[in-house]
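As C-alpha cells, one chain now follows by itself in the form predicted alone.
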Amino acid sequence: MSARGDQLRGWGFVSPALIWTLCFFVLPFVVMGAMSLATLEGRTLVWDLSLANYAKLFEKAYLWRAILVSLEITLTVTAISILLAYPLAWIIAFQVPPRWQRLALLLAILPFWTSYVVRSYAWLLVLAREGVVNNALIGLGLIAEPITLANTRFATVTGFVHFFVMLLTLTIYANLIQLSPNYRRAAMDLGANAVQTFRHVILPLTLPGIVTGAFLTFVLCIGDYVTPQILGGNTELSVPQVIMVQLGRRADFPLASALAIVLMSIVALAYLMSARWLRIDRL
C-alpha cells in the first residue's frame, strides 16, 4: 500500500475522535469564549466584544470572594487528601499481604460505587445537629449542646476528602507497588535510617503518583457543584454555585461564561504547574 494510502487510513482512524473533540470540546469552548465578551442589557444580549464581564470579577466582591473560596476549599481538600491517602496506600502496598491487597483496594474504592448525590446527603445526615457526630460527642460528654457542622465549609471539605482520598490512594499505590525492595535495602546499606530512606528515596520516586492524584483532585474539586451546594448550603458560594446562580436566576450567560473561562484558566495553570513539576522530577 502506498504512503498516501497509509495516511488516508490513519486519518480514517483518527477522524471520529477528532470530530468528537471538535464538536463537544473545541466548539463549545469557542462559543463560551465569545459569549464572555458579550454583555447583557436588560434582557437583550449585546455582542459588543467587551471585557466588562471580566472587569466585574474585580469590581464585585461576591465574585472575587467566590474564586477565593473555591481555591481555599480545593487546596485544603487536596492537602488533607494527600496526607491521609499516602499512609493508606503505604499500608496496602507494604503491610497488607499480596493475596489480600486486591480486597483492600476493593474496600478502598467502595465509595466510588455510591451515587455522588447520595454520598453528599449521607454526610449531611451524619453531620446534622441530630446526626451521628453530634449524638456521639454528647454521649461522650465532650459537648453539652449540638454544634453546627452541616452547611459549613467543614462539611464541604469532609465530603470532598471522603471521595478524593480514595482517588489519591489508587494513584500513590500504583507508584509504591512498582518500587523494588532493593531501593530501600541499598539505602539502608549506605547508612540511611527509615526516615532518611523515605525522604530521599521513596518520596521522590512516588512524586509522580502524588502530583497526578493531586491534579485530578484539584480539577474535580474546583469544578464541583453538588457537594458545596448540599453540604455547604449557601453560607459561602464557590465559583460553580455562582455560575449556576447567573444561569438559573439572572440568565446572565455572558457573566457565567466569563466565570467559566476563569475557572478553566485556573485548571490550565494547575495542569502546567503539575506537568512542569513532573518534567523537573524526571531530570
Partner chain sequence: MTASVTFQGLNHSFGTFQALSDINLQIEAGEYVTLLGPSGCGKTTLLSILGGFLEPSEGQVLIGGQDMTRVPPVKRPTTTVFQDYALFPHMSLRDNVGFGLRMGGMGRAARHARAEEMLDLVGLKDAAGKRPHALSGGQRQRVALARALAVEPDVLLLDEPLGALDLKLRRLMQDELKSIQQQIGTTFVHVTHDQEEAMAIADRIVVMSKGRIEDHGPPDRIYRHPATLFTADFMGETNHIPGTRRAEAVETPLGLLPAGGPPGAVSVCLRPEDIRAGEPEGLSLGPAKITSAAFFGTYCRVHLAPRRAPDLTLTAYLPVGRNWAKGEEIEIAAAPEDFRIFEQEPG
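Positions refer to the first chain, counted from 1. In this text, all values refer to a predicted model and were calculated from it rather than measured experimentally.
This next part talks about the form predicted in complex with its partner chain, which is not shown.
Put simply, residue 196 is close to its partner chain in the predicted complex: some heavy atom of it is within 4.5 Å. Mapping the unseen interface onto this chain, residue 186 counts among the residues with a heavy atom inside 4.5 Å of its partner chain in the predicted complex.
Contact annotation for residue 204: at least one heavy atom lies within 4.5 Å of its partner chain in the predicted complex. Its partner chain in the predicted complex is approached by residue 191, whose closest heavy atom lies within 4.5 angstroms of it.
In this stretch, 225-244, not one residue has a heavy atom within 4.5 Å of its partner chain in the predicted complex; the partner itself is omitted from this view.
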